[in-house]
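Form predicted on its own, single chain, as structure tokens, below.
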């Protein structure tokens, strides 16, 4: 009987011990889960640009928040890597600025590791911290080259843009069915002209208008731009040509007008004559009054 009571007592102790251990595990798991859920959601977005001089720029933007209230995250480390298939190639670590963005500028002479299709996959990742979750993004990039040429046929101005890319053998081949926006650089913005599409030879042609104002000799800066392409990103190519209407921007003295500081001469002469006539009649009236008084 005593042995049975001792066995029951041991079983009770084991059950209590198991319950305590299970409770502690559940508590730790619940705490870690609640801490993970309390972290704010983060979002990492990436953009790719090819500048006029051939330099490439990869830009990332890190935001965090709950729901639609997303705020920029500053002073956050962003790891930049290239996907090599079975492994990754570390490029650099960027720090976001006050706007939550970080930029990686790659000179034109640098060649990215690419796959057999010439596409480079760049990975950007943020490891998170005590209050923010981790985030990552990837962007597939590919180099494209734009060339702008000008010609005049029968008094018609012809603008030609040719787009090329590297193939697997490293040769430049034309890019067809590529949308290119044509614009003219203004003082604070870009004046859109038209959108062209390249043919099987990678060439897009546009009849340029004749009514675009230029500088004093008619020089204008023309931009050919690819906007947010899946592989090429945003590409800009500029070139200048004297196809504009000459406009002089020199500051000249305005002629005498009613709204200028100097009144027109006819107004000055008219006011002078009116004042002379008024004072003449005033003194004439005084003179006659004094004469009448003396004669009386």
Partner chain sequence: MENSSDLMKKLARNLETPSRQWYIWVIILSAIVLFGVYALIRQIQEGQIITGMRDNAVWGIYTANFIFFMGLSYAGALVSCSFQLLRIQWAKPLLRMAELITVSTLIVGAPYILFCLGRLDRIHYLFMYGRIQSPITWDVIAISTDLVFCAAFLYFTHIRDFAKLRDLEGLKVAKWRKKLYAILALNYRGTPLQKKYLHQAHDIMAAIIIPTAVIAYSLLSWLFGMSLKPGWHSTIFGPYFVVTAAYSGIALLIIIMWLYRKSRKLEDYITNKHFNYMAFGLVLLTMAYGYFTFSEYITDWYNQTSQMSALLGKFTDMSQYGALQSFHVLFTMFVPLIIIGLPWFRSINSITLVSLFIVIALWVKRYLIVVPPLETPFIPIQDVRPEYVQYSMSWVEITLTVSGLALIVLIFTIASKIAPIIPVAEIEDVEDTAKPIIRFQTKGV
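We call the rigid core whatever largest set of C-alpha positions still superposes within 1.5 Å between the two forms. Residue numbers count along the first chain shown, from 1. This is a predicted model, so every value here is computed, not measured.
The same protein also exists as the form predicted in complex with its partner chain; that form is not shown, yet it is the one meant from here on.
- Heavy atoms of residue 264 reach within 4.5 Å of its partner chain in the predicted bound form, making it an interface residue.
- Contact annotation for residue 70: none of its heavy atoms lies within 4.5 Å of its partner chain in the predicted bound form.
- Taking non-hydrogen atoms only, residue 240 never approaches its partner chain to within 4.5 angstroms in the predicted bound form.
- Contact check for 88, 119 and 157: none of the three has a heavy atom within 4.5 Å of its partner chain in the predicted bound form.
- Contacts of stretch 262 to 282 with its partner chain in the predicted bound form, defined by any heavy atom lying within 4.5 Å, are made by 262, 263, 264, 267, 271, 275, 277, 278, 279, 281, 282, listed in sequence order.
- Annotation for residue 260: C-alpha shift of 2 angstroms or more between the shown form and the other one, rigid core superposed.
- Residue 270 is among the residues whose C-alpha shifts by 2 Å or more between the shown form and the other one once the rigid core is aligned.
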